[in-house]
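Here you get one chain, nothing else, as structure tokens; it is the form predicted alone.
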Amino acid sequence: MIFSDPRIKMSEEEYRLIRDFVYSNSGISFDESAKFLLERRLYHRLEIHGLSNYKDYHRYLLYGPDKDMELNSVLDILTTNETYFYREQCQLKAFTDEVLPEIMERKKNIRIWSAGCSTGEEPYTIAMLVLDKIQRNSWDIEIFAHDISHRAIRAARHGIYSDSSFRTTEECYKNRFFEPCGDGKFKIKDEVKRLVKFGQLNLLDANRMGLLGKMDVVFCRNVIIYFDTQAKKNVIENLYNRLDEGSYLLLGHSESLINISTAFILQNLKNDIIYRKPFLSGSIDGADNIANNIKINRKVR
């Protein structure tokens, strides 16, 4: 996306109004140094609506006839969608070789959620791993994917990607799961696409998240880095409530729950370190798992 130099400048007061509006509706936090970024990226919206200043635009965001659609446009513009297939491969190996087998011993119906799925590379990677590693006739595996950006969800459902999305994809997987569609781009095959259910969702919206039911694995990678501390706490609490007991939370390698949450157990696997929601103490199996996890956690510390 290309942004032009704005001819209308944003005052400090206007910046605070729009910054606080974005934060209250998304949890995305901008510091004082981001004024020019918002000014540059939102200037085109003023042109579209024939507005002469950002204060009027803030009023439009609050009271305009299509304020919900305009909020979606703002979030599409301000959120970045840097992602690619098979990202953070050590973690993916932990998922396929350790996390999934452990869950498969306990369950036949496995629910996986990509929370903050961007343009679809992550949930489609999960689907490709499932197709490659698991005999699906023995397990019912559901994959859900959500993002706050309507634009990202549209692109994910479309399923067409350029070379930048394949920077760590082995050629054999590219040939197996994609087909050329012209202009040097590749389209995800239907056998992968039909495994993933996409939708738009704000991770701060606990009520809507509650409609998803319980999950066995949640991928929320490189998402909470855009939130301030309080928003991070709220998002992680919402994710915790969506996880079934004994289920797993996979964050990005640059993210951690230090000073955010003590509700999870840090589990050291062979291929990576991930977070796990404890089993309820009333279960014998759960008690055994908690004991094992505490031993592992002590080693990590």
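Don't overthink the numbering: it's just position in the shown sequence, from 1. Small disclaimer: the values here were computed from a predicted structure and weren't measured.
Beyond the structure shown, there is the form predicted together with a small molecule, which is absent from this document and is the topic of what follows.
- A heavy atom within 4.5 Å of the small molecule in the model of the complex is found for one listed residue only; from Phe166, Phe198, Phe177, Tyr226, this is Tyr226.
- Interface residue among Ile236, Ile28, Leu46, Ile265 relative to the small molecule in the model of the complex, by the heavy atom within 4.5 Å criterion: Ile28.
- Just one listed stretch, out of 111 to 119, 177 to 185, 155 to 163, 92 to 100, contacts the small molecule in the model of the complex at the 4.5 Å heavy atom level, and that stretch is 111 to 119.
- Remark: Ile148 counts among the residues lining the small molecule in the model of the complex, judged by a heavy atom distance of 4.5 Å or less.
- In the model of the complex, the small molecule stays beyond 4.5 Å of every heavy atom belonging to Ser73.
- Shown alone here, Thr80 lies within 4.5 Å of the small molecule in the model of the complex, counting heavy atoms only.
- Contact annotation: Ala127 falls outside 4.5 Å of the small molecule in the model of the complex, judged by heavy atom distances.
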